[in-house]
Every structure is written in structure tokens, then in C-alpha cells.
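A single chain comes next, written as C-alpha cells; it is the form predicted on its own.
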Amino acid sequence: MIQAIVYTSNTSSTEQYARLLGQETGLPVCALTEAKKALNSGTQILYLGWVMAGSIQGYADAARLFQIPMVCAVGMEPDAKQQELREKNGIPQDAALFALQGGYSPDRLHGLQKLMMRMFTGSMVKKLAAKADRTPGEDDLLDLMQHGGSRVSPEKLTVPLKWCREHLGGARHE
């Protein structure tokens, strides 16, 4: 039985999604650092992690300690490629995987992450700005990279919540 929602967040988008999911399911929510101390090894959890260069941060550590039937990967892109995320992170095929658009907060980044993101967004902005036939999702991503902001919303949890309701017996887990 799923006991908790565990997350790793960098600029708060993933934490916001974890807390929204916790409100809807009634499951307790905690950061991975807290979960390592509070939960027994082998506990079944839902895991949410932020994405950097295709890696879901904290997932490998969480997977070594806990059973994870559902993963939410939170990144800037509105349509992340789930199969690539699954393969790069070693997520089993029987685990549900959902990609959620978070946000971009360059002012909350530091050191190497800030430098890497500045280089990445700079090249992506040029590439997207030059593209004549951008999709609405690409327009939104371009805006996000140029201006920062959050795309976290309860509506984006519709499909993961449906999965939770099916696997938690349909009711709030209290």
C-alpha cells in the first residue's frame, strides 16, 4: 500500500506538485531527505523529481530505498518524452510515469547549475526564436526561458490523480 509522496525539488515547482497531490490524495508529503530518515526501507511511495538534462533528480536514491509504482518528472518542457525519461532513469515498465511542466526560476539557481542553464536556455531561445512554425507549446517554452515563471497548476495533475484514485481505492487516503 502506498504510504507517502516523496519529492526532490530545486526551485519549488516539484514541491508544489507534491503538495497538491498530497491534498488530493490525503497522503503525507515529504522531501527525500526527510523520507530517508522517517520511512522504512521498502515502503511504497509516489515519487516526484525535477528534471535536469533528462535525469530525474533523486530518483536513483529513492528507488534504492523504496518501492515506487508511480513517478512524476517535473521539467520546463510541456511535452517531455516519457520513454526517454524512463530509459535514462531506469524506471521499470510496470511503474507509471508522468511528465509535468514546472517552471523556470533562474534567480533561484546557483553555481554550476546557473551556468549550465544559462548556456542551455541561451541556445534554445535562439533555436526556438528562429523557428517559423512554432507550436503553442514551443511558444510557451520560449516565453518561459526568456522570462522565467511557473506553469504549475492543479489541472496538470488530472492524469496522475486518476492513476492515484485507481491505485488508492478511489477515495482519499486518510
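All values reported here derive from a predicted model rather than from experimental measurement. Numbering starts at 1 and follows the sequence shown.
What comes next is about the form predicted in complex with a small molecule, which does not appear here.
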Practice prompt. Determine whether any heavy atom of V51 comes within 4.5 Å of a heavy atom of the small molecule in the predicted bound form, and answer yes or no.
Written response: yes
Discussion item. Can you work out whether M76 and the small molecule are in contact in the predicted bound form, taking contact to mean some heavy atom pair no more than 4.5 Å apart?
Written reply: yes
Worksheet item: Should S13 be classed as touching the small molecule in the predicted bound form when contacts are defined as heavy atoms within 4.5 Å?
Response: yes
Practice prompt. State yes or no: in the predicted bound form, is some non-hydrogen atom of M116 no more than 4.5 angstroms from a non-hydrogen atom of the small molecule?
Written response: yes
Item to complete: Spot the stretch among 126-134, 62-70, 43-51, 25-33 with residues whose non-hydrogen atoms come within 4.5 Å of the small molecule in the predicted bound form.
Response: 43-51
